[in-house]
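A lone chain, given as structure tokens: the form predicted alone.
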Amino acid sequence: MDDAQAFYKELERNHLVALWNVSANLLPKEPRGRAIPYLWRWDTLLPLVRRGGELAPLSRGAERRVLGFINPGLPTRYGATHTLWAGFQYLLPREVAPAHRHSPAAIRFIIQGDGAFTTVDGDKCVMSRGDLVLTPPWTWHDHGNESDEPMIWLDGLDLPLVAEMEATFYEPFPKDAQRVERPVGDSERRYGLGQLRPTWERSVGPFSPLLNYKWAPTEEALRRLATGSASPYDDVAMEYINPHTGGPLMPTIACWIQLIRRGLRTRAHRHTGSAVYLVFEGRGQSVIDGQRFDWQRGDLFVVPTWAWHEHASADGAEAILFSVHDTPVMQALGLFREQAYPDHDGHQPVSRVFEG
């Protein structure tokens, strides 16, 4: 063994590393994420979700009936991306998903059904299709379904990020359900207009005090904006905001609602920060790093960090996408960066089509 080999062996024994041997991995010229673009189809998901309803009764040992999306590039991690968990939660009529709280932040976007609720720290939020409901970190929350039909919604959480930060806490509530301590939909009455708040209310944390963003005013705002200007990269895209700050809903999670107008194709760009997209209405396609993903209502797809992406509607109709992003983390840490596709027409060549 020569002197250099002996030296490196000695470093290993002392739990040391020579930076000159690993600097290319530590400091790449640009991000090299392990998560890959991927798409899960509604036609495949729905039978599995329903089968889960037959096989997995809710109990204290199994408090949530959720099918989580695991990115094929991250087989040893629970996440749709390296920072975001996404799953479809299924609640049958008259069921209750027991109350608990945890340090990861969570959002719920309702895909199917009408009449379930989430109670957050005593505030009962009635949920209908297209509503966005928040459960900020360390708030007690339980779900119930008072309707006669099953409910399906998208769960989005910062679970992988919080786990990587080694800051995960969890606590069960003493009973299955909390006591409702306020008038139903209390946060909607206080903050639902977005630009007004009660004079006696003060911001008490970095999370939105509005817990239920209803679909009707969301769609109205989206369609009002569609008559004017739009983003060349995302078309008519709007971010749900914290009415206290005008910023993102959570320090770790942003949510968008996005209209891709009839016959429109956006220009490609990329940015630090990953995103999970749910197709709420319509059909279309996205090109992500040269791969075309054809999607329709109910499908879910992932755009990893620093991946070129563009979207288009199909069949002469519009499409609506809901999405969850980790960009607030990147922005808070000064790591957010965005780049337009350099080609003159702003579109990527398609080298392959996703088959699943």
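Computed from a predicted structure; not experimentally measured. Just count from 1 along the sequence shown to find any residue number.
This next part talks about the form predicted together with a small molecule, which is not shown.
So in the model of the complex, are 40, 300 and 311 all sitting within 4.5 Å of the small molecule, heavy atoms only? Zero of three within 4.5 Å in the model of the complex.
Does at least one non-hydrogen atom of residue 83 fall within 4.5 angstroms of the small molecule in the model of the complex? Output for residue 83 is no: heavy atoms all beyond 4.5 Å of the small molecule.
Evaluate residue 155 for contact with the small molecule in the model of the complex, applying a 4.5 angstroms cut-off between non-hydrogen atoms, and reply yes or no. The answer is yes: residue 155 has a heavy atom within 4.5 Å of the small molecule.
Within a 4.5 Å heavy atom cut-off, is residue 141 in contact with the small molecule in the model of the complex? Judged by the heavy-atom cut-off of 4.5 Å, residue 141 is in contact with the small molecule in the model of the complex.
Any of the heavy atoms of residue 108 lying within 4.5 Å of the small molecule in the model of the complex? Yes - in the model of the complex, heavy atoms of residue 108 and the small molecule come within 4.5 Å of each other.
Can you pick out, from 317, 66, 58, 70, the residue that has a heavy atom within 4.5 Å of the small molecule in the model of the complex? Checked against the cut-off, the match is 66.
The small molecule: the contacting residue among 159, 278, 132, 255 in the model of the complex [heavy atom, 4.5 Å]: It is 159.
Considering the small molecule in the model of the complex, find the one stretch among 122-130, 215-223, 265-273, 141-149 with heavy atoms no farther than 4.5 Å from it. Stretch 141-149 is the one.
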